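Here you get one chain, nothing else, as structure tokens; it is the form predicted on its own.
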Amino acid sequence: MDWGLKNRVARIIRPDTGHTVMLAVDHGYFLGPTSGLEVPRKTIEPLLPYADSLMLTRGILRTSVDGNTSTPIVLRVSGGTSILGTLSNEGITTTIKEAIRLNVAGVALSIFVGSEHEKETLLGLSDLINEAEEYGIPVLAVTAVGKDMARDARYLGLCCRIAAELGAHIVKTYYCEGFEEVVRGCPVPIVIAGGKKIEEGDALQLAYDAIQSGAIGVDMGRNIFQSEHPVAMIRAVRAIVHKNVSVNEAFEIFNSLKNEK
């Protein structure tokens, strides 16, 4: 791994803990004005100090994030479909030149293993890695799943391994029963997606279970910014990811912070 690539990965994954809390706010690229992200700047600003990196599109980066921020950016560069169409038929929407101009720490795109457009998304990942590595930019592969695809260890293990085989530097996937097998079969770091909004205690349990099973972090969105107390929630998640606290301890942190101004 060359110096530039190693340095950018170290901006995403904290070297002192080997873990990361990524804040995902890229939902609008296919969902539109998602609940909690209707005014992105209002949502993002109070959470920035507690995120190790921010995952979003170039449009929201330009319009809704202060250029003085020191929080590393992982730029979503795939899209072209919406919730009304065929989500698996994504393409590359942002050039590497643009990513360099925006000074990102990494780029991300989704792959759809088992879908009608599997080949196109996997070759898109390969092309992105080929180009990004010329400039020392790491690529995060998101193992997106369709509504008809099982989120079990066998399927997710397949997705993660394929992404790693093609050269992805980090993989984002879902937590599942038997997650240790998914981690064991993937030779690059894995972060877990938070998925749809669930109760805070359940989301903290999800983060804890994932870390204990070998994930190096989380890339949470809705389970943070859709919480009634998003700052308290991200700080509780950080305690699990970086300080290895228990779920009960994290929930106590959440409750102690949720009424802070």
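Bear in mind the structure is a predicted one, so any value in this text is a computation, not a measurement. Numbers follow the displayed sequence, beginning with 1.
Although it is not shown, the form predicted in complex with ligand R5P is what the next lines describe.
Remark: F179 does not count among the residues lining ligand R5P in the predicted complex, judged by a heavy atom distance of 4.5 Å or less. For the chain shown alone, D52 is not a contact residue for ligand R5P in the predicted complex, no non-hydrogen atom being within 4.5 angstroms. Contact annotation: P40 falls outside 4.5 Å of ligand R5P in the predicted complex, judged by heavy atom distances.
Of the heavy atoms in I240, none are within 4.5 Å of ligand R5P in the predicted complex. For a residue to qualify, one of its non-hydrogen atoms must sit within 4.5 Å of ligand R5P in the predicted complex; none of H19, V191 and D209 qualifies.
Just one listed stretch, out of 22-30, 44-52, 232-240, 64-72, contacts ligand R5P in the predicted complex at the 4.5 Å heavy atom level, and that stretch is 22-30. For the stretch 154-176, the set of residues having any non-hydrogen atom within 4.5 angstroms of ligand R5P in the predicted complex comprises K172, Y174, in sequence order.
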